[in-house]
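Only one chain is included here, represented as structure tokens and corresponding to the form predicted alone.
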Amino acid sequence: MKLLYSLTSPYARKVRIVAAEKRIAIDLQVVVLADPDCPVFLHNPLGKIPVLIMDDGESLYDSSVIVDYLDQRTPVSHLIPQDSKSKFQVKRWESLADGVCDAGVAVMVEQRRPENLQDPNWIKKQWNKVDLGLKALDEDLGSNKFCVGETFSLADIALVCVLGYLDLRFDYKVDLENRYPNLARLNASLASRPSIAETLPPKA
């Protein structure tokens, strides 16, 4: 299997962490979406990463589908619970974390446009989603050790990935310690976990 990804994509990072936790070997191919010969469109008509190319040439996308596939591929370290209630709690966390990430990406893309073409109302609307999403996640986590139940799961992975992305792109704006202290605590406690530390997006 081969994963088309970028080092800064939080969605691709989620897949890489899951693969590491599941001990599944995947060939990693860094791509640049702006390159005219980027292979992503050959495997995902939406032109988005990550894309997992199977051994038979079939491809899987997006990240939520890929991590579901990887988690079911082997019984090692299930990251999505087998019982329905816990499973959907984990998937709910993933969905909200990914939604916060979507809003953050939208802000980043808008802010890369020439300043005179940027829409401040659009940026404000998307940043409001980031704030409300993080507040909801912070309240849901409370004083718990993990996002769902008593074990590390895909919910924790999705959370770490969105926080890593926001720190990468907006560290000047996200005051995690003061505004979302529960998330800050969990993020710090997981920072040294090998799968997380080794996939940290580069600042440069």
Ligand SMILES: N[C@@H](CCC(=O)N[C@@H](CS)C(=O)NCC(=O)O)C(=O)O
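Please read these numbers as outputs of a predicted model, since none were measured by experiment. All residue numbers are counted from 1 along the displayed sequence.
There is also a form predicted in complex with the ligand; it is not shown, and the following applies to it.
Stretch-level contact check against the ligand in the model of the complex with heavy atoms at 4.5 Å: of 47 to 55, 141 to 149, 156 to 164, 174 to 182, the positive one is 47 to 55. The partner is absent here, but in the model of the complex a heavy atom of L33, alone among L42, A136, L33, V30, sits within 4.5 Å of the ligand.
With a 4.5 Å cutoff on heavy atoms, D98 counts as touching the ligand in the model of the complex. The closest heavy atom approach of D62 to the ligand in the model of the complex falls within 4.5 Å.
Taking the partner from elsewhere, S9 is found to have a heavy atom lying within 4.5 Å of the ligand in the model of the complex.
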